[in-house]
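Just one chain is shown here, as structure tokens, and it is the form predicted alone.
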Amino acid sequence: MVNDPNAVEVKTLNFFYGEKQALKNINLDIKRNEITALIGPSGCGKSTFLRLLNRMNDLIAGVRLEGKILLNGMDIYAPEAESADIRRRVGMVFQKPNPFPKSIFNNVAYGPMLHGIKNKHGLNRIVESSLRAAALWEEVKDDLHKSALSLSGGQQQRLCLARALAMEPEVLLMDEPTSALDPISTSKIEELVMDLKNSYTVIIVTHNMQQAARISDKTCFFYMGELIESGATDQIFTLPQQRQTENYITGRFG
């Protein structure tokens, strides 16, 4: 699979909450080392889709999936696939910063420790490199044993990003990661995301059209559980092929 440019391949995906179908016949390839933005009105299925990519919907009773999701060629819903392993390989940053009520150091070290890394030198290295990757190291390096809850909202979100990066994921999912942040913190996160695509495949749900246009390589428009259109971000925003996409981007509904 080394020659395959796609990090994620979604094939004929249908997803149900009980009797209610939330996603209909989704087919999508997501390339390595690109930022893919998922846009669409509230309730259109984009966050549901995002959570399927690291099996977070497994935690909900009565859900059912048809079709396939391949992560670097591996079917993540195959019987032999372990959800804990998938969540290690596919990191996630949520809408609201959710640091653990622990020290800054232990927030970042938590995942690696859970996966058996106990060596202090190794943990120190992981914590520093992850905080550097999240552009937070210089701000917290002298306060690593302070509570993560003492950080500002923007710093907490970068800490959550560092916590995800500490697991060395192949794909990074971000569910509206700046919607609770001020403009300066938002700008920092956007710059970070654009840097991170050199090392990771990033998939971001955003309600902010300008954000999608600024940072993503590819944009996917969801509406009522369907993937209406996907393509290069420039093309989606300037020459959408579908009327619904154009109506949403120009603010006629949503």
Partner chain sequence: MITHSNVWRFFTKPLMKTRLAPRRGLNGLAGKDIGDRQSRIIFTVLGFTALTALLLIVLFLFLEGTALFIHPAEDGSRVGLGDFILGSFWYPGYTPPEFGILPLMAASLSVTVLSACLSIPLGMGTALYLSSVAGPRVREWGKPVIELLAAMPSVVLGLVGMMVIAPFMQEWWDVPSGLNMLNASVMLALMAIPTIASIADDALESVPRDLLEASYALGATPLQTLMRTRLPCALSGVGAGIILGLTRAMGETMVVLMCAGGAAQLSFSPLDAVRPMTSTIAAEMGETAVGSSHYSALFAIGITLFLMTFAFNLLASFIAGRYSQKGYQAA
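Just so it is clear, the structure is predicted and the values come from calculations on it, not from any experiment. Positions refer to the first chain, counted from 1.
Omitted from view is the form predicted together with the partner chain, to which the following refers.
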| item | value |
| --- | --- |
| Partner proximity in the predicted complex: residue 59 to the partner chain, non-hydrogen atom cutoff 4.5 Å | yes |
| Any non-hydrogen atom of residue 154 within 4.5 angstroms of the partner chain in the predicted complex | no |
| Residue 73: touches the partner chain in the predicted complex, heavy atom cutoff 4.5 angstroms | no |
| is_contact(residue 81, the partner chain) in the predicted complex, heavy atom dist at most 4.5 Å | no |
| Residues 24, 44 and 237 all lining the partner chain in the predicted complex, heavy atom within 4.5 Å | no |
| One residue of 141, 132, 145, 125 in contact with the partner chain, assessed in the predicted complex (non-hydrogen atom, 4.5 angstroms) | 145 |
| In the predicted complex, the one of 188, 51, 207, 32 near the partner chain [non-hydrogen atom within 4.5 angstroms] | 51 |
| In the predicted complex, segment of 164 to 172, 73 to 81, 132 to 140, 178 to 186 with a heavy atom within 4.5 Å of the partner chain | 164 to 172 |
| Residues in 79 to 99 close to the partner chain in the predicted complex, defined by a heavy atom within 4.5 Å, in order | 84, 87, 88, 90, 92, 94, 96, 98, 99 |
